[in-house]
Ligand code: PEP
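What follows is one chain in C-alpha cells, specifically the form predicted alone.
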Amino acid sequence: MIIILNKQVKPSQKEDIKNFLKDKGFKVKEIVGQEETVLGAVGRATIDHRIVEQMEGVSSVVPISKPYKLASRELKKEDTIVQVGNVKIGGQRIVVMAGPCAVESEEQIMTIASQVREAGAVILRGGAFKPRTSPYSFQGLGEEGLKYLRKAGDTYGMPVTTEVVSPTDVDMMSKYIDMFQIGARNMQNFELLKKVGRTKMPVLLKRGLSATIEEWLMAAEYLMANGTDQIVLCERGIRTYERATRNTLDCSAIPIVQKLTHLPVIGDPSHATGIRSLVSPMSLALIAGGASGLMVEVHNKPENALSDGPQSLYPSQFEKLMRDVQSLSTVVGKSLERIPRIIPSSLTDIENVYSDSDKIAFQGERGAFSELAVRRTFDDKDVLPCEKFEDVFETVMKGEALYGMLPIENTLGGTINDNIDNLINYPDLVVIGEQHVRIIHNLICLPGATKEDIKEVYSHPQGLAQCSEYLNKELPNAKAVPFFDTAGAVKYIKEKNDKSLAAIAGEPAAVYNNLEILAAGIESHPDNYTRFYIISREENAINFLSASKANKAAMIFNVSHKPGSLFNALKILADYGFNLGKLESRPILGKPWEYSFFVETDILNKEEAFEEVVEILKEECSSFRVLGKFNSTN
C-alpha cells in the first residue's frame, strides 16, 4: 500500500509510522516526490488500511493494485534516474551502451572501447561469462575478461556492465563492474535476482525470451525487494513464431512499460534482430518509441567475432548511428547523454610553458566552458585566454595562437551570431574542427561558505537564467547579479573574498580558483550543450585535419536581390543530395536590408561531389566562400 504523508508531517510522526509498519511485517520505502512524500509498504503482511490512515501525519492510504509494488508507477509517479558511475539513465536522457558481445582479449576490448567512446557511447558493455545455447560455443574468459573490461573502462572513462550468470560469481564480479546485467535466460532465476539485489548496485534487467511484461516487472520487483532500486529494464526481443529475425522486437513494450513503472527502459536491437543491417533502423524505432537508451553490439572485426558477429556493427556504422540518434533525440524532446573526458591536471598548472604558436586561444577567464572545450580536444597545449571573441580571431591571425576555440551555438540560447560575423570578417581563417560540451552549472563559493551566507549570486545572464529554478527554490533571498562571463564571475568572488558572494559556472572554474562547489548540476534543463568551432590559419589546418576525415562543411554566400535567387542556390545543394544542418541569414555591413547566408551541410563520403557543388555555387552566387571542412565530434 501507499501511505501519502501530510506536507507538514513531523519527522517523529514519520518514524512512528515506519516503525509501526515494520513491526507488522512490512518492508517500508520512503519516496520523496516533487509534490508529496509517500511511504511504500510491501510484504506478505495484511492490515486494515483504516488503522494506518488514522495515524498522525498520514494524509491517505492507497492500495497498490499491481502485483509488482515497488516497481509500480502507482508507488512513484516521477521517473527513477539510475546512476551508473558518472552516467545518469532515465528522464529526458538517451544513454547508449556499446561494446562487443564477448570480451575476447585485452587488445580487442581496448580497441573497441576507444572506438565506441569516440563515437559517443557512455557505458562499455562486454560479456565475460556467456551463457550459450550450445555447450560447445565460446563461454567467455571469466574473471580474466572482467579485468580487461575494467581496464578498458578506466582508460576511456566509461562505467562498465556485463552479464552475471551464477549467484556464486556476484561478490567477485562486484569488484570489477559498475552495473550487473541479468540476461534473458536468467530473468526468472530468482536466487540470482535476490543475490544481485542485495548488492544495491545498478542492474540492467533484460526481458525473458517469452516473458510477459508483468513477469518482467515482477523480476524487477525481486531485485527491489532485496535492496536495489537502481534498475534499468531492457527490451531485447521476444520469441514468437516469426523466424525472419532472431527474435521479435516488441517496440510497443516501451511506452506500455513507461506507463506501468517508474523505472527507465532501454532497447537492445542487436539481440532482438540478430542481423547487422536491422540494428540501426530498429535503434531509431526504439528511440522514437520513447526508450531511454540503447545497448548496441559493436566489433572491430565482426567476421572473426567469437560471439554474435553477424549482429555486431562495424565502428563506422556505430558512429553513423550515433549521429542519427543525436538528430532524433531533439525530435522526441530528449538529449543524448554525454560524459566529458577527465579534466587534465594541467588545467590548474600554469607553470607549463609552450612556444606561442602552440597555444590555444579562447574567450573568457581560466576555467571557462570554452577552456573545457579546449581540453576535450587538446590535452597537452597551453591556453591563451582572451577578453573578446574578436581577440581570439586576432591572436590566431597574428600567429600568437595556433588554434582558436569559439562557441557557435547553444541548444538553449541559439546561435552566437558574433562569431559567424567574425568568420565572415576574417577570410584567412578557416574552421577545422568542432567540439560539443555539456553545460553543467554549479553554485561556487568561498571555502566554508553555506547557503545561509549567500546574499548575491554572479554569473553570465544566460547562466542565471538557466539556473533560475534552483535560485528561486534554494536561494530565494539572494540577488542575481549579471556578469560578463561565468568563469569571470568565479574569479571576481575569489578576489572579493566575501562569503556572502557566490557564482554560477562550470567545475573547471572552481578547480582553477581553488573554490568550493556548494551545489552541482543546478541547471533547469539537462539538454544544455554548446557547440564550438576550432579555427586556424589555412596553412596550419592540414596538420589538424590529417588526423580525421571531414564530415561537415560550413559556407557563407550572398545572392542577387531578385526573386528565387536563394531558392536556386539551395536547390543546387539539394540536387546533389546534400543535407543542410543549418541556415542563418546575417545582415551585410553597409548594405541595409541585404544579407549573407551561413550554411552547414553534411559531406561525409561526398567530398568529390561537394567540390563540384562549390564550383557551381561560385557561378550562381554573387559571392561564395567555404569557411571550412571539418570533422564533427558530436
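The first residue of the shown sequence is 1; numbering continues from there. All values derive from a computational prediction rather than experimental measurement.
Although not depicted, the form predicted together with this ligand is the subject of the following passage.
In the model of the complex, which of the listed residues (206, 299, 460, 375) lies with a heavy atom within 4.5 Å of this ligand?
-> None of the others qualify; the residue that does is 206.
Ok, 407, 202, 367, 183: which has a heavy atom sitting within 4.5 Å of this ligand in the model of the complex?
-> In short, 183.
Go through 72 to 80, 483 to 491, 504 to 512, 184 to 192 and give me the stretch that gets within 4.5 Å of this ligand in the model of the complex, heavy atoms only.
-> It is 184 to 192 that comes within 4.5 Å of the partner.
Taking 323, 531 and 552 as a possible spot, do all three reach this ligand in the model of the complex with a heavy atom inside 4.5 Å?
-> None of them does, since no heavy atom lies within 4.5 Å of the partner.
Should residue 438 be counted as a contact of this ligand in the model of the complex, where contact means heavy atoms within 4.5 Å?
-> So residue 438 does not count as contacting this ligand.
If you check in the model of the complex, is residue 93 within 4.5 Å of this ligand, heavy atoms only?
-> Because no heavy atom of residue 93 falls inside 4.5 Å of this ligand in the model of the complex, the answer is no.
Are any of the heavy atoms in residue 381 no more than 4.5 Å from a heavy atom of this ligand in the model of the complex?
-> No - in the model of the complex, heavy atoms of residue 381 and this ligand never come within 4.5 Å of each other.
Find out whether any non-hydrogen atom of residue 262 is located within 4.5 angstroms of this ligand in the model of the complex, and reply yes or no.
-> Taking the distances in the model of the complex, the answer for residue 262 is no, it never comes within 4.5 Å of this ligand.
Enumerate the residues of 267 to 282 that have a non-hydrogen atom within 4.5 Å of this ligand in the model of the complex, in sequence order, or give none.
-> Contacts from 267 to 282: 268, 271.
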